[in-house]
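Have a look below at one chain only, the form predicted alone, in structure tokens format.
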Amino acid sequence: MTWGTIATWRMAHDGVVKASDLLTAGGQAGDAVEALINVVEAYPYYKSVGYGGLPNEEGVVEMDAAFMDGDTLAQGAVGGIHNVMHAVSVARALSHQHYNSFRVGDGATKFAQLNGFEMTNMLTDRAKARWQKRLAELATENMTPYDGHDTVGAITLDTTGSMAAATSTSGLFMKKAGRVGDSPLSGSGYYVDSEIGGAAATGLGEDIMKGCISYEIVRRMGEGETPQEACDHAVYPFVAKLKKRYGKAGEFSLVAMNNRGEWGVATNVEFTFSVGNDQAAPRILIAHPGVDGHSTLIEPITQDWLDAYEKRIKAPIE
């Protein structure tokens, strides 16, 4: 039976493996995508998601997350939630509510507390040390305070044909308090329709949400394009438009999967992702924008790259 899952960045790979195991065993798409994101949220060395995520300029970890059911189109989302281990699980719970399904700040945090979600201080010692280091750098150097905005976004397809999408992020490092990017916004950070497929984004939210790129990819797949065609045709022309009309474009990377388990990716930076389906075991791949500016080059990741990545994310904060 057909199943599949795809997610942004190397950090999602362990979650993709877990989701793949669930889907292979006949698990539901919603359960699989939540489990995938939960794995990333709980790992303290991933500095842009969940526990250990980097804080805003005030030293507070504010998280955004979303969940979407591709069968019903029900969605739930949180923005600027605090002290919750699994923001995506709160978003999924909110997706069951017809009203008040997108909660922010104290309202989102209170919902999590009242409904028994795991609460904890999300600012680890390591993340705090990185924040303090950046404060010192900003006091002595002329540099931008922002660093890192790697959302985990994922799509799942189960053997019944149901699909789901989810995202989770701590957002821009050193962002202003209350800043929210594209990740919890339907159509920008994510979108899924079980009759067609789904897409999810990562990158600079302020620029990604200038276009509804995730929805546009799904729309194009619905018109008959393959996931790769839809990604290429949605992402690269929009990046070019943004550069022409806005003057610049931040980092864009999107992943997509249709309801047959076929997948695609487009990016304007070096971008890793993890993907698995009934045709191939979960694996990490790396994508680059093609030299023509309209296509995507995808290659296997090397062991040297993986080794360097593990060393980099666990390096001491000096």
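Numbers follow the displayed sequence, beginning with 1. Worth saying up front: this structure is predicted, and the values here are computed from it rather than measured.
Same protein, other form: the form predicted in complex with N-hydroxy-L-asparagine, not shown, and the subject of what follows.
This chain is displayed alone, yet in the predicted bound form one of E229, D193, D150, E216 has a heavy atom within 4.5 Å of N-hydroxy-L-asparagine; that residue is D150. Checked against N-hydroxy-L-asparagine in the predicted bound form, the candidates R179, K133, H96, K241 yield a single residue with a heavy atom inside 4.5 Å, and that residue is R179.
You can rule out all but one of 101-109, 123-131, 71-79, 164-172: in the predicted bound form, only 164-172 has residues with a heavy atom within 4.5 Å of N-hydroxy-L-asparagine. When contacts are judged by a 4.5 Å heavy atom cut-off, T156 does not count as touching N-hydroxy-L-asparagine in the predicted bound form. Under a 4.5 angstroms non-hydrogen atom cutoff, N-hydroxy-L-asparagine in the predicted bound form has L204 among its neighbouring residues.
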